[in-house]
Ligand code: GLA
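Encoded as structure tokens, the following chain is the form predicted on its own, with no partner shown.
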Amino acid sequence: MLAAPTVAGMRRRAVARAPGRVNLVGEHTDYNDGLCLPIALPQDTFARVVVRPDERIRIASAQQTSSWSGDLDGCGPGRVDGWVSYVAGVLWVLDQEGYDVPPGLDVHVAGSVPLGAGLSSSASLEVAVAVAVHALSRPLLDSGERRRLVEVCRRAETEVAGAPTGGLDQTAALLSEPDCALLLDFQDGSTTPVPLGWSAAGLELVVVDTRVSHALTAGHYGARRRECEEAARALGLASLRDAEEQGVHRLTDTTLRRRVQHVVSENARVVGVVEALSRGSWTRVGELFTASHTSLRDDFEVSCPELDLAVDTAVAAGALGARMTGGGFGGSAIALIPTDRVEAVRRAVDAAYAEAGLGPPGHLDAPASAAARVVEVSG
């Protein structure tokens, strides 16, 4: 929790928190108008915004040695970079969209979402800042405003930070519910809570952080998105959501064919996981998780040896299923594990990493948690 500012006279301020996320299944489908199934994590980011009497914007983080100072005009595209761009970008888009953004602000952030772990620390940061600034003028955050802030944060990440996100992470941070996954349909914009129920069945979802840092701005993510857009054009489709299994073979380019094969099969896996959850078919959920990883590794080619090792070891040690989560090229894997096997799986993964000459991975519990909220408004 962020400490209150020690200034003479209380200035208008707000504090908000936003969670990281894990995507259970439905990877690289959001920007293809597809289906995704994320949960919010207990790991989160807090943002404190304090109105200044001048027209200076100051941005600082408990996790970073660098800070930034400028004005609101300097928060836009091409004016900031690095981690600051995710914060400044939110301020710029809010102002562009007509929100009441004070011209002078002190913004301080602190978080527990591991950086570069594929758990959406960036969206957690964006959403916490957006909710805090929104609360300065409108403390109540209804469902309509939450959906509008999703687009604000998506624009900030795409237009200012330079990561072509599809909106999955921001939606999960703003609309998730405790003990539920969130079924997202990016074609019609619908969101449906999906009760999980695996805790009562003696199962836990755990995260293995490979500690291979990934960054959506590194170019691989954008390349996959461009390939999907090219494939859709080749098939004469508005998006790959409308692609069908039989149509995949019309593509002569083998790379594009594999990309489409992943998207088509991944959308089907999302439907399959939702159905299996409703029946309590935990073995089937695990099978679909592992099948998703295989597709991401072979057809979409976004895995890495460290992720593959975590997934293969977890399944061999007793997990019902496991898969990489997030954009890939590093980051984290998830595994659905009987509670009495969790520690054994973690030890097995640690041992496999050591044997491979890799540094120790991180381990996080991943109960489905609540969406972003306003913590405090005063002044």
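Just so we're clear, the structure is a prediction, and the values are computed from it rather than from any experiment. Each residue number is its position in the shown sequence, starting from 1.
This next part talks about the form predicted together with alpha-D-galactopyranose (GLA), which is not shown.
Engineer: If you check in the predicted bound form, is Gly167 within 4.5 Å of alpha-D-galactopyranose (GLA), heavy atoms only?
Structural biologist: Yes, Gly167 sits close enough to alpha-D-galactopyranose (GLA) in the predicted bound form that at least one of its heavy atoms falls within 4.5 Å.
Engineer: At 4.5 Å between heavy atoms, is Gly327 in contact with alpha-D-galactopyranose (GLA) in the predicted bound form?
Structural biologist: Yes, Gly327 is a contact residue.
Engineer: Taking heavy atoms only, is Asp44 within 4.5 angstroms of alpha-D-galactopyranose (GLA) in the predicted bound form?
Structural biologist: Result no; Asp44 lies far from alpha-D-galactopyranose (GLA) in the predicted bound form.
Engineer: Using heavy atoms and a 4.5 Å limit, would one call Pro38 a contact residue for alpha-D-galactopyranose (GLA) in the predicted bound form?
Structural biologist: Because no heavy atom of Pro38 falls inside 4.5 Å of alpha-D-galactopyranose (GLA) in the predicted bound form, the answer is no.
Engineer: Which residue, Trp198, Trp83, Tyr99, Tyr221, has a heavy atom that falls within 4.5 Å of alpha-D-galactopyranose (GLA) in the predicted bound form?
Structural biologist: Contact with alpha-D-galactopyranose (GLA) in the predicted bound form is made by Tyr221 alone.
Engineer: So if I measure heavy atom distances to alpha-D-galactopyranose (GLA) in the predicted bound form, which of the stretches 22-30, 336-344, 312-320, 53-61 falls within 4.5 Å?
Structural biologist: Comparing against alpha-D-galactopyranose (GLA) in the predicted bound form, the contact stretch is 22-30.
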